[in-house]
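Take a look at this single chain in structure tokens; it is the form predicted on its own.
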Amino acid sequence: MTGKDFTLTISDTAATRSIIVFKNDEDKSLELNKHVLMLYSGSPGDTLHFAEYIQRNVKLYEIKNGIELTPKATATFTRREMANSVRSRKPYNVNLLIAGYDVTTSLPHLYWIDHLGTNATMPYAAHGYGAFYTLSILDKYHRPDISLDEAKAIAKKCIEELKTRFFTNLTGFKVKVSDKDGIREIEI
């Protein structure tokens, strides 16, 4: 979710397939640069491969041009790569959230990108089965001028709702914030 001067992201740490839990310490996010973070869900092989491909291309752009891509530029590039993938013989089955802080405009950004290459700017977003439970909480409590402490309280409500209602036992969550100081992991 975006706030007044930050973007807060949450991802569970369970690596699952069907009814099997492989591990409970999987970080489903990847830092693309100092201020932009990608969260991914979908087929395990596709997610990591696609996320690392985007990360390396964003880094290559930064090296070649000497500037850091903004969240919007990163989301646009990622959407194009996903759309090209859909038209290939082996499309990626990956859903993404691109979250970041634009240092040029001093604004937070959050982009929702699905496996078909649809890109939408959102004040808050979710992918996967957890979205069925968390989006109603975000609808009710999110405001554009929300503070970090208020966002942490909303995040805690979302996590508690998932722990109460979701059919799998989600044991861990990673919470990260992107703001003018960069990306950092926080406790809630």
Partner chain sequence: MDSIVNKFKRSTSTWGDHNMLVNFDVTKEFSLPSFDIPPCHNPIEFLKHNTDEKSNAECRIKFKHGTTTLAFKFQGGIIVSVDSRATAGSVIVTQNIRKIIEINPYLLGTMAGGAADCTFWERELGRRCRLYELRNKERISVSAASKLLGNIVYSFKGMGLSMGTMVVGWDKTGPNIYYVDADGTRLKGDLFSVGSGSPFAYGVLDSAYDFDMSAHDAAELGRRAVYHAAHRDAASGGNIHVYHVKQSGWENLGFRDFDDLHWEYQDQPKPSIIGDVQPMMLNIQD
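Numbering follows the first chain given and starts at 1. The structure presented is a predicted model; accordingly, all values stated were derived computationally and were not measured. The term rigid core refers to the most C-alpha atoms you can superpose between the two forms while keeping them within 1.5 Å.
What comes next is about the form predicted together with the partner chain, which is not displayed.
- Highlighted residues 15, 26 and 90: every one comes within 4.5 Å of the partner chain in the predicted bound form, counting any heavy atom.
- In plain terms, the part of the chain that comes close to the partner chain in the predicted bound form, with a heavy atom within 4.5 Å, is 44-52 out of 44-52, 119-127, 151-159, 135-143.
- Contact annotation: residue 166 falls outside 4.5 Å of the partner chain in the predicted bound form, judged by heavy atom distances.
- In the predicted bound form, not one residue of 93-122 has a heavy atom within 4.5 Å of the partner chain.
- Shown in the overlay between this form and the one not shown, fitted on the rigid core, is a CA shift at residue 164 smaller than 2 Å.
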